[in-house]
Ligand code: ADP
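Consider the single chain below, provided in structure tokens and representing the form predicted alone.
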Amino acid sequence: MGRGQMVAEQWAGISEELRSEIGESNHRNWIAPLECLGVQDGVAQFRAPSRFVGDWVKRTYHDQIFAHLRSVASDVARLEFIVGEAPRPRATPEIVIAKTLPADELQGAPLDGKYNFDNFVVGKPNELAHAAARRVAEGGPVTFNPLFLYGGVGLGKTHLMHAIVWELREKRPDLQVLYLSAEQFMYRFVQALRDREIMDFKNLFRSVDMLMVDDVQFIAGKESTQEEFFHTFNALVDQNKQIIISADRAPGEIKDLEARISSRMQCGLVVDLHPTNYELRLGILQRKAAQFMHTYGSVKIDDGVFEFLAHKITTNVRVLEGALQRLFAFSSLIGQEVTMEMVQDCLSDILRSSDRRVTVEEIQRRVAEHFNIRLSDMLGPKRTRTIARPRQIAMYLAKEMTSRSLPEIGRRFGGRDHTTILHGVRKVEEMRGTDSQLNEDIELLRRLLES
């Protein structure tokens, strides 16, 4: 057996090592489909099921694969990914059109197994987005097109996108679903232009039953990509094919996004995933703790720990979950229960970075400017609606974005009692469930204050 063929025989073991390094989902989507053809003249050849898979593996996992191969064959100098039944020059690889691909092939980006509907904690800030995602995941008639999900980092956009794909794989395996990031869309478009295969690109994207594009703000300012995206969008809508898009802000707020694209995106259902509230964060912690118990075993957690974390880590669910996982890992390693003292020591870096530095005075000034009222009126005794509503919004933001207590906030609002502040905060929380304009005002103010 030649040395090159020996490498092909050892690929199964290397593949398993890569599985432990990059995770089950990434391995299943990108490494498992590869076939190692062996090494010839220092070139390790792999057959990929499609050009996109080959290019993606080369960009993302080249160094890891190369290092493993070198450990068993020191003469390997480079990797080559080909498409088709037999080796052929890289300049003319086979292009696989979407309608000939199985469902797994159409997935443009790897999926995370834990991002499913069962693991999505529903609360007031995300219940509409969750309901809309559930509806399109049924794979039935298109009722709103596109579904546009937007919100800040770690609020659940990508979780819902992945959950839709997982649900459709189970309920409608006949549908061809293509999920990818806007960056991947641009990469494939540019590659098609470079290789003069733009018609294959168009056929691929126009033949799917559902197109899902994550982080669409990435294409803003990229004229050629926006042009092609616009035509793809229109072609799919004309065929009554479902489109689902996510972004970090509303279509109209994406800078350098063409007006015609922004307008098209607003023709369907635009849903905001609001920042989490205390109750939702607490629910997320309780759900994740139950999952971690299976991984780390039973861990005793002191009363008040979940409540403290839900109050303290407010901006990003991923950070919140990561903090809890760190506590579980630390507790299992040292064999001690999770106490408040351990939380302060183990999460000191996260807690420091989560300290909100926005001041009450900054919030008051920004809210007054936004609603075109005088700061003195906000702090004064006037109770007219045009003054009282901005004042309550400022109270709400002060409670959410600063570490000040209710009495401290009250003192900064003209010496008001803490019960007045609490009433204002609860009033705004109640109204956010029904008043979309109020939500838009609050999210705009929040972004301005955090910038």
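One rule holds for the numbers: they count along the sequence shown, beginning at 1. This one's a predicted model, so the numbers in the text were calculated from it and none came from an experiment.
What comes next is about the form predicted together with this ligand, which does not appear here.
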query	finding
Stretch in contact, per heavy atom within 4.5 angstroms of this ligand in the predicted bound form, of 261-269, 150-158, 306-314, 136-144	150-158
Option touching this ligand, based on a heavy atom within 4.5 Å in the predicted bound form, out of V121, I373, I243, A182	V121
Selected contact from A192, L257, V76, L280, since only one has a non-hydrogen atom within 4.5 angstroms of this ligand in the predicted bound form	L280
Heavy atom distance at most 4.5 Å to this ligand in the predicted bound form, all of Y115, N126 and R318	yes
Non-hydrogen atom contact H274 with this ligand in the predicted bound form at 4.5 angstroms	no
This ligand contact at V83 in the predicted bound form, heavy atom, 4.5 Å	no
Partner proximity in the predicted bound form: A368 to this ligand, non-hydrogen atom cutoff 4.5 Å	no
Exercise: M186 in contact with this ligand in the predicted bound form, heavy atom 4.5 Å	no
